[in-house]
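Here you'll find one protein chain in two forms, each presented separately as structure tokens under the names structure 1 and structure 2.
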Structure 1
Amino acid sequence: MIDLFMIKHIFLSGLMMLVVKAQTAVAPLPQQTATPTTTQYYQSVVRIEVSTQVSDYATPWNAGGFSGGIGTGFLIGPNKFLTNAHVISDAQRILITIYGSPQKYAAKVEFVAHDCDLAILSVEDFTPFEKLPIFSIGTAVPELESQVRVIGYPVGGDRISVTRGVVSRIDFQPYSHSRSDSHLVVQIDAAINPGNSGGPVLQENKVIGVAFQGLRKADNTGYIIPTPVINRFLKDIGDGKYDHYTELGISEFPLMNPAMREALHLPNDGIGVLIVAVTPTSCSDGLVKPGDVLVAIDGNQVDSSGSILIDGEKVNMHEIVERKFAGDKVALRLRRNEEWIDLNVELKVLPQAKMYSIKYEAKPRYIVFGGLVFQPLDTNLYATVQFTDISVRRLYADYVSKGLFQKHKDIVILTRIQEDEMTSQLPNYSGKALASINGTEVTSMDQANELLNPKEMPTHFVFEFIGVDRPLILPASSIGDANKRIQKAYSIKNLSNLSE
């Protein structure tokens, strides 16, 4: 006789096994982390406190002045905080604070791109940040009239600030940090105040830009670095170093004047720009010629103002080159003497163009010789000294476009004459470009230093300057004593520095 209790037990056991098997069959994948809330994302926006030391180009032997500032950054990967280059430029110390926490964490710069004003920071101990949400960066440029949120730590308080704005313009404009580089920018009708710099600009908690500069002459006008520039920077540093932007090496002129178009035998169709100059040694040198009319780049039609249509927006044609790297090719379609020419130009970096960019984290190069102070011409020096000599201004302007760098690694300038008994009777040639020392043309700071320290000492040192009829002459036998007096009088530890 079969025990009913046993039958019931067997039946229930079998049923439980089926349930277990069914549950096993439909078991879900490991549970995904829930989408972070807006408040949780705020914790990934950090306050950056920076102590800086800025070099003194007026007295280059001095260490420079100390200052400090506040900026913003945000977490984009494990121990990777994105911010602006200008937030951490010339930094001696960097401290990061999590939103809502009084604790400060030491940080360092991993990568910096002064030409596009972006930088990556890391902290010594990432443990306190491990559970914070990581921001994702979009790929598209935000649409006109779309709303954005700007998050940061602007002046006026220590806590986080959130402002809203609307995208009002998409343009190709200069970036103020380097003073020479232009890239894609997005203008919004929300103020970007000191301290906001480096903060994320969001649409639905996705990064569509980095706040970086404002417009002082207008209220509630700010600019953000859009995702094409951000993603290019992140791709560039993927191999462990930053390689900088490439240069096409051409200067163009708009062709909107019907009379000019007629003179060039062009139809009045609003297409094409005139190439007026090609930079020597650039990737276009020997391929593109002044007088050519550029009508298309990578298949994108170039209008008579130099703009092309990308993603539904008219932008400067150089935006095509902006998104490429050294070794990439760009297709150019040209009109030359009423003939069509198609070229594939391989892009490369033009290091000499850095002449026009402000340098950071670099020590001024200089030579002090018998009271004469020589320095290489660059934008840091140009901004400090305010040169009025027409020859120096022309050398500065033509250095890249005329290819002066092919012969002159440096344009050496006499920036000042220190007061001393040996220099008291000298004519004031400060602000003049050095042409030669003892009859030898000067082409670099290193070479000038060699000419000032020859194996066989001459009787006199004769300095000739561009645009000056009479030379400046110092007795060689008196240089040593003069140097000692000047070092002591002006607290000059080293009479020269030839490395940045």
Structure 2
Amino acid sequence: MIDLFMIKHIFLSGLMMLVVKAQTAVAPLPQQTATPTTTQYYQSVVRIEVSTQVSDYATPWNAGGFSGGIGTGFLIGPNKFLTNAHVISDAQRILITIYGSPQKYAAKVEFVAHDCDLAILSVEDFTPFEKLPIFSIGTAVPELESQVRVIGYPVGGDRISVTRGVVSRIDFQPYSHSRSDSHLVVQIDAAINPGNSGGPVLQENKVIGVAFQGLRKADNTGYIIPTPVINRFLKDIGDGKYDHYTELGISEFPLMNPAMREALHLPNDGIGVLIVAVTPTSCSDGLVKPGDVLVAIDGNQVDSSGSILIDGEKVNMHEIVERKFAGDKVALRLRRNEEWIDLNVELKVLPQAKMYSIKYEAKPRYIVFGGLVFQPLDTNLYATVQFTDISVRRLYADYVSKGLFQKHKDIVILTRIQEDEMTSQLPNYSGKALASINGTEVTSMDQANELLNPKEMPTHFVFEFIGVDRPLILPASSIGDANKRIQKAYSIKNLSNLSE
């Protein structure tokens, strides 16, 4: 498994000294042959200083920790600085510095795409930047073995740094910032260090990528976001908002086995994959069915391993969807019951898929009720709490693929029980999923909140949890006092937050 690390995370976690050593060996100075233009371009590579406030999902009522970091950005248009999303996520204050200048300029986020780790910043006053050259972004993916330069402000010094490397691999790889997305990545053999994030990667002063992540367990491996991903992001925000990547919502199984092909009455020609699942409510739902054989996508033949040929390269068939936007259509050719079916599927974003992405710039939702702390299941919580409960882990895994979101807007989890005279004898069901309150099935945080504040007070609140055979009981009449005690003892300003 690939162990990718977030450049900023490394920076913030105080491991800076570890990487300094590796970094000092590199960074050759610009060569004598460098044209004045190259030096001028350096001025358009800016240092971004960010102070952040990161939400605390373990104690959701707390304000979160203050921290900060350094990243790189570069000018790609009038008052448009491109950088990584992870450089500016959860930012409270962003300051931009021009190479060689002590002046710091306040900046703000115009667009952020956490799924492909890119963001656009603007400064309040663009005047000092007006004369700086603007980088143009290429369209092609660099060739293997071709040389690239990485410019940025990595750890090890305050001034600009340039490293050279060659393109060593072009591949689909996870983007670690969101923890759930994979896109095209170019691997180079120049080290990308904390602070390099968001910096331009150049070939002859043209941007061919954005430096964004490295590999913890290997030396001299840096990953850059290539131009197809950058250009897609820039096109997406053309209408003034970022929409997110779309997906077909299908899972496929390779059709390489001769016996399987024969049983499905398919010729042994190495074409087609079997559809084994369609995500409910996705754009394929109701159109594509499990058991269909997908043979072509947008006119490209799909081979039995699920690959297509684009520009002479074999790539995963989902690459077609990668390059499209919500509202675009995809032509699918299917074999069903020995008949040909041609479909035009209109792509759409599946918002529920964000269940598996880390959320940024969000305030954790929670309810504290008589010492019981409820939080919705998401990846931020999943990354904070070690869930061992089988039911909770299954709910998380099946949330999108089995369409659980259709009924359950949220999976509500009892994350802890605050000790109090009312709760000290309660069984510890923290880490379990809430099934019902007073007999009513819980489907969302908002609805749970309503159930906890009914018009007519019952004598007891009865909580049932999934996979637990004994209910948890709270006496309704004592909850008000318990809330007051708990609020005071645990310094909880608000007993609930229901909006992110």
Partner chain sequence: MKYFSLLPFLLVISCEKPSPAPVATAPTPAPVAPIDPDQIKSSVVRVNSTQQVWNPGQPWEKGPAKSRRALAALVEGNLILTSAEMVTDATFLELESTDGTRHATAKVINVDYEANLTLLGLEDPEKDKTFFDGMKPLEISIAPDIGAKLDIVQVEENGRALLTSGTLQSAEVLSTFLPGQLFLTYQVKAAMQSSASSYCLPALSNGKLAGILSSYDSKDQICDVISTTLVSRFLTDSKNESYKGFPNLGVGVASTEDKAFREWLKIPETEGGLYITKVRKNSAADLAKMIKGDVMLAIDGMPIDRRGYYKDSQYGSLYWIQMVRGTKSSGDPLIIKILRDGKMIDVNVTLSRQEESTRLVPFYQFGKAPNFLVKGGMIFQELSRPLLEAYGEEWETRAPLNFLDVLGNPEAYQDKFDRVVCLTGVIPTPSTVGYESLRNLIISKVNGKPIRGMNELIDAFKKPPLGVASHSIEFLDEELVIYLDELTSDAVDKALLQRGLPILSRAE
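All residue numbers here follow the sequence of structure 1, with the first residue given the number 1. Definition used throughout: the rigid core is the maximal C-alpha set that superposes within 1.5 Å between two forms. Computed from a prediction, not measured in an experiment: that's the story for all the values here.
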{"query": "Structure number, where the criterion is the form predicted in complex with its partner chain", "finding": "2"}
{"query": "Flag for residue 257, CA shift 2 Å or larger between structures 1 and 2 after aligning core", "finding": "yes"}
{"query": "Core-superposed comparison between structures 1 and 2, residue 305 Cα displacement 2 Å or beyond", "finding": "yes"}
{"query": "Large Cα move at residue 145 between structures 1 and 2, threshold 2 Å, rigid core", "finding": "no"}
{"query": "Shift in Å of the residue 337 Cα between structures 1 and 2 [rigid core superposition]", "finding": "5.1"}
